[in-house]
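One chain follows as structure tokens, the form predicted alone.
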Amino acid sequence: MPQLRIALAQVNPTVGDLDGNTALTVEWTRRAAESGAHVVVFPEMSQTGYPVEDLAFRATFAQASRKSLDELARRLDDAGCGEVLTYVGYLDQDEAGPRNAAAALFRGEVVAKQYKHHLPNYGVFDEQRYFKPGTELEVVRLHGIDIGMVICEDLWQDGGPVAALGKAGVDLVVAPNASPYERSKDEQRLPLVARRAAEAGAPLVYTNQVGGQDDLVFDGDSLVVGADGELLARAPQFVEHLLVVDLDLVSGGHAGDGDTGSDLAGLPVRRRVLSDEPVPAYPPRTEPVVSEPLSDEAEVWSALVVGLRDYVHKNGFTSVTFGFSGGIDSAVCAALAVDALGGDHVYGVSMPSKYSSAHSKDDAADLARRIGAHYRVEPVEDMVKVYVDQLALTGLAEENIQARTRGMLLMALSNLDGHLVLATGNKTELAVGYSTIYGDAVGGFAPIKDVFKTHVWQLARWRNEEAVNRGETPPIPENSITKPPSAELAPGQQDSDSLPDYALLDDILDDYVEGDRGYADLVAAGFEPETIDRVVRMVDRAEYKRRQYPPGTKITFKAFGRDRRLPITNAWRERKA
């Protein structure tokens, strides 16, 4: 007989918006109540949004977070949701310092609080800087079922809090999460959650955040796994969703209210009884939803769309503008922007100079027609001529002044019309410094900052194929995909004049940047020593440019800025073996 109906509220909170996040929780808890759920689980720090970064140090913010938690409990009760046990994440603070916390709300009260035990300090995470770890576990009994809780990183620890709950005895484990997306991460989650369910000897409910926050994006992919590791339900990726599942649970008859125990690691387990009476028999819902994970390209495209959309909207913008050059990078950014915001909110600007080819101008206009974006042509030749003539610029100085003139033009239009300027550079260019500061690097957000050049082409082909499959016009002109890439800042210029072939370059960058491999490792991988020297030198010298580049959605294991942070002043150089 079904014992409890569980709802996973995969929602998109906004950092710092306590009122908005409270309203979000009330609305989704109401939906859970209407579905007949007895328990609803929200993501990690859903009240404050995640990550809060240095907001954690502001005592006034922590106080407001705690106050909003009490208010939320009352509002849920007033909204008729008081009988739904609601798990939410929030920022707490005590005499030890800030805490990454989660609470259980029931009948207008905060009935349990728990602090995150394991604070990650790798990759994008810096939680040891912000939070103090928890030392206790809270178990709440609802309808005779003992429910334990762990928060995000606590799941990743063998023999940690989940093992403690397993030893103490629980019938269900809930896990609020804010786990940022990176490629193929869903392949790690399900096996991990299955292992932890077995460790606890109980089903495990894993609710993950969805949406963009600065350069992070969260993909949802919330899960329910049985004690035997079987996948029982799975939410879709990159959308808000209420996943509802009936669980056939067996009460273990554990210790009573207020009793404590301890696990292998010495974590006290506190218990509170809300109700011992089992839920009367009820018919289960239809078969639970088990959403299929997206394909790799669909997953990445969705991440980039959501990251861009939320950055624009959460920062108060309604539209974007950037250069439509006719090249592959700006074309992919344009297609992403239209998918994120709609064509009426995308303003493309063609800025031809005397070196711009006819096909580039034609491709830019064709792109705008295909995606339904606004489009204007603003020649820069006369503007550039003023600088060139007055300063007698030649060579690289003449090339870069074209890019900088375009950057100033876009920022002027941004100031005039209120658009957010997008930088269209990719990860390969950013790695080797193939961009112009105050030129093509200007803007408030960089949609493909973490996408290698060869991957940009793959995404373009995939997006066009998707359009054909839907009976739509492919958004990206074929010529933008197939023609040799060029900055068109000098006569007949092509990227291959300054860079190795992109396929080779990306292979080296994948090893050097993503894998942190040294010179000897790169040689052993089969790369030519001269090419290694050239690429490594370009990467190492470009750190100052990367520090000044706009934020952009992280999709790889090691994104510039969040994950890879090297000193600008840095005399270390890889030496030949």
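Note that residue numbering begins at 1 and tracks the sequence as displayed. Bear in mind that the values here come from a model prediction, so they are computed numbers and not experimental data.
The form predicted together with a further copy of the same chain is left out here; the points below concern that form.
Of the candidates 468, 79, 392, 96, 392 is the one whose heavy atoms come within 4.5 Å of a further copy of the same chain in the model of the complex; the others do not. The contact residue chosen from 110, 267, 413, 163 relative to a further copy of the same chain in the model of the complex is 413, the criterion being a non-hydrogen atom within 4.5 angstroms. Contact check for residue 83: no non-hydrogen atom falls within 4.5 Å of a further copy of the same chain in the model of the complex. In the model of the complex, a further copy of the same chain sits beyond 4.5 Å of every heavy atom of residue 532. Under a 4.5 angstroms non-hydrogen atom cutoff, a further copy of the same chain in the model of the complex has residue 512 among its neighbouring residues. Remark: residue 547 counts among the residues lining a further copy of the same chain in the model of the complex, judged by a heavy atom distance of 4.5 Å or less.
With the partner left out here, a further copy of the same chain still marks one of 460-468, 84-92, 182-190, 430-438 in the model of the complex; by a 4.5 Å heavy atom cut-off that stretch is 430-438. Taking a further copy of the same chain as positioned in the model of the complex, the residues of 11-44 that bring a heavy atom within 4.5 Å of it are, in sequence order, 14, 15, 16, 17, 18, 19.
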